[in-house]
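The chain below stands alone and is given in structure tokens; this is the form predicted on its own.
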Amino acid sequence: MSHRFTPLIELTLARVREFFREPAAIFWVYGFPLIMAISLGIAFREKPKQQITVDLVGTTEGSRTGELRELLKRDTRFVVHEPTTESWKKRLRDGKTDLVVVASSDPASGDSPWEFWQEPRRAESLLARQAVENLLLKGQGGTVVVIADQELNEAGSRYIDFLIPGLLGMNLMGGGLFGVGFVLVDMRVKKLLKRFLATPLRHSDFLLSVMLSRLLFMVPEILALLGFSWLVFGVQVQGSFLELVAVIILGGFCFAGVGLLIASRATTLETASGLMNLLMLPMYVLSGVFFSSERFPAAMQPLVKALPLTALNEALRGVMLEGESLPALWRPIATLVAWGAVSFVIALRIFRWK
């Protein structure tokens, strides 16, 4: 081999070795595209047969709506649900159903119109409305079908109303993981943790101080985002503002605890970054930040519901969009408390101070 090319080859090999010694770089180049492809592929997977979800409200035997139920059940394209009167609007707004058919005040009368509630900003809803109308025409032998189209115009029915709580949850997750994890790993790299170890300071007090200081910075950030979304997009908080602040603080505590756990053993910033991204990026897709987590198969729902970001988004949307109280949201709140408390206890036991 020519002596001229030896330095070039050796420098190239050195750069390749450096690359493979950085977990964060390996993750972003190889892991991230695969995770996104798998997650989005499952969420927006192609189905061998089109499925249209229709909710029937006020169905009674012998009524026109009852006859429609039988027509829908005979067509394999349709999945029929019969929710309570109080829950169907939430299902339509959250994307859990494509169309809602409400029984008219006089269901026995052939002249009263069908009430079709749809979400015009979703293509699936418009498609469902057309499919059900065609089915009715076919079932009635081509007789004209009178339909009263209805749209959800109440607070919280827009996509931006759905999106803002997801962005709040995503911000809380990123702030907790990076705001706590990076600080501690940086202190370990700079040998500052060894100095705290030599003092009579209790370990739990030091770690809690890092978490609490991050919360103090995080709450104003979230409130600023809420204020901006209210001023610019008119996003309203339907529930108690104090309960919303409580959920925000609980979410910040939860992810600060998870960030503490990730940082408990990492010795380099690159390792901490890789671990945090490995945890965060799947939750960006699975936990319903940009679209409903109901898109994922039923077999995946227990895993999706157990994720802390899913619980936080559910609690935030419950307070902001539904006006629900904290006792009514006990399941996602219990999930957040469990993640935060367990992470902190484990991190306290295995934390590396040197």
Partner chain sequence: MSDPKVRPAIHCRQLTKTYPGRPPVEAVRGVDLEVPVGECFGLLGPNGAGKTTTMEILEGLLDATSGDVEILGRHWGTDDRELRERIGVSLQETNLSDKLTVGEIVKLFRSFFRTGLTISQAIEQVALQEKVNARFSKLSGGQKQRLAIACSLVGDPELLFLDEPTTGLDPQSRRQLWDVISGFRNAGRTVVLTTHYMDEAEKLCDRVAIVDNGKVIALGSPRQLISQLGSEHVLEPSWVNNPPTEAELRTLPSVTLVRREDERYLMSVSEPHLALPALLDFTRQTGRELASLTTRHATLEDVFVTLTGRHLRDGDKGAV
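Positions refer to the first chain, counted from 1. Just so it is clear, the model here is predicted, and its values are computed rather than measured.
Unshown form predicted together with its partner chain; subsequent notes refer to it.
K.L.:
Note which of Arg265, His81, Lys138, Lys194 lies within 4.5 Å of its partner chain in the model of the complex, where distance is taken over heavy atoms; exactly one does.
P.N.:
Flagged contact: Lys194.
K.L.:
Which listed residue (Ile147, Leu223, Leu126, Leu201) meets the criterion of a heavy atom within 4.5 Å of its partner chain in the model of the complex?
P.N.:
Result of the distance check: Leu201.
K.L.:
So if I measure heavy atom distances to its partner chain in the model of the complex, which of the stretches 255-263, 177-185, 280-288, 201-209 falls within 4.5 Å?
P.N.:
Among the candidates, contact is made by 201-209.
K.L.:
Since only the chain is shown here, I'm wondering whether Lys190 would be in contact with its partner chain in the model of the complex (any heavy atom pair within 4.5 Å).
P.N.:
Yes, contact at 4.5 Å.
K.L.:
Would Arg349 sit within 4.5 Å of its partner chain in the model of the complex, counting heavy atoms only?
P.N.:
Contact check for Arg349: no, nothing within 4.5 Å of its partner chain in the model of the complex.
K.L.:
If we check its partner chain in the model of the complex, which of the residues in 317-354 reach within 4.5 angstroms of it by a non-hydrogen atom?
P.N.:
Contacting residue: only Lys354.
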